[in-house]
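Take a look at this single chain, the form predicted on its own, given in structure tokens.
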Amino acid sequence: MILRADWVLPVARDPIEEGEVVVHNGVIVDVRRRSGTRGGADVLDFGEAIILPGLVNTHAHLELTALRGAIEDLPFFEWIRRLVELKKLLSEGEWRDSTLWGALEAAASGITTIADTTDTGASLYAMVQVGLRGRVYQEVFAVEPDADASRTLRALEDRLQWLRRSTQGTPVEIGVAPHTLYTVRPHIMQTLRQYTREKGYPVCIHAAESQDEIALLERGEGKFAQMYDGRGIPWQAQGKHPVDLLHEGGWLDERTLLVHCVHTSPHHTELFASSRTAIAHCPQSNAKLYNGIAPLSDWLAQGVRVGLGTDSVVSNNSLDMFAEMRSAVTLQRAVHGESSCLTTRRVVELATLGGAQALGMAERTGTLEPGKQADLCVLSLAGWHHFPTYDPYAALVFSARAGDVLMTMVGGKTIYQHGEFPLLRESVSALRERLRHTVRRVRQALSDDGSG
């Protein structure tokens, strides 16, 4: 198969004008200038378009898709408390539908790899159905004062056993996600650290996302402390920043992905760099929930492994990685001015190769190079907002949107093209109708308690 377009962006090297990508048995065998091969059934010429590596979304919660737009204009603490209540409304089948809709949105947006954090485990089902590559991190919560380490571990092992069986023969891996240091008791965190290290599971942890989190962990103060006190949950401040606690607990290493890290210092940047800890940077979620702007430029200057993530569509409202790139660049330039090291080329690297490196998958995906899996997407340049195009990187970062994607391919298999999902075994319209019913129930619940 030969894919052609006005532009090919290998990311590993300079853009190729009038280029093509040659794929055989799901693997890229050549990336080159357009050859003399005539068109045929095995040649796809997209013309006014860009072929680029598939986008790597290093942090999402696909299962929350059905709650998009249900919680708006709230600061972080109030937002997360509302989310906890709304999650109680969905049934097992509704979680699967919600997650599948998110996976379809991802595929249609040019995303080929997702690191998804899941409570229910439904994201595995959705990613396999759609054909996405990625990793499913099973979340762990253990905040109650009587939380038992052995019981928590048994429940986790049961879920992981099911996940392992379900991922066999798929491009999806599994990991473990202790949610945060304020939702998992310290003694449970110690048990999980020993367990994940022994079993070799990659780890994902939300860290330093909000000032409320830091107030609780450092001083035992703030909104989380007041909430726990009101619920009769004793909490003793540990007197240190969450990243320092993670460092002391042995969590910072190349198998760990930290999410957000908005409120971190140059000292923490040094820890990230020296330990090879990766970070999922979610600029739009951070900004929307009033949490601030993470020190991305400092991380990159020190060689920290960073990928871009959308977070959930409850906190971001879309899985549009092009919008995420745009926000990453503009927010850093607004804060750092000309000292920001973020160029359009660099942020496209973060959304592709950077994400693959953060997840330890760079030998398979993230660039268009011979020997790598044929994970790619094709973005149309035919829209009003793209003409004229002088610089393909600038077009991707400052003009592109998810709706411009024409095709998405994973391992040489087309998972999305022109509104169709070739691997999907069920009706999109039937899925949408089921979700309409779920949305009506959620809206009624919001109306009943006066928040809708």
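Keep in mind that what you see is a predicted model, and the values were worked out from it rather than measured. For every residue, the number given is its place in the sequence shown, counted from 1.
The form predicted in complex with another copy of the chain exists for this protein as well; it is not shown, and the discussion that follows is about that form.
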item	value
A70 within 4.5 Å of another copy of the chain in the predicted bound form, heavy atoms	yes
Contact label in the predicted bound form: G230 to another copy of the chain, heavy atom within 4.5 Å	no
is_contact(A394, another copy of the chain) in the predicted bound form, heavy atom dist at most 4.5 Å	yes
Another copy of the chain contact in the predicted bound form: V203, any heavy atom under 4.5 Å	no
S166, T330, T120, T152 - the one with a heavy atom within 4.5 Å of another copy of the chain in the predicted bound form	T330
Listed residue (A402, V31, L44, L406) with a non-hydrogen atom within 4.5 angstroms of another copy of the chain in the predicted bound form	A402
In the predicted bound form, segment of 407-415, 50-58, 22-30, 383-391 with a heavy atom within 4.5 Å of another copy of the chain	383-391
In the predicted bound form, residues of 278-314 near another copy of the chain [heavy atom within 4.5 Å]	Q284, A287, K288, Y290, G292, I293
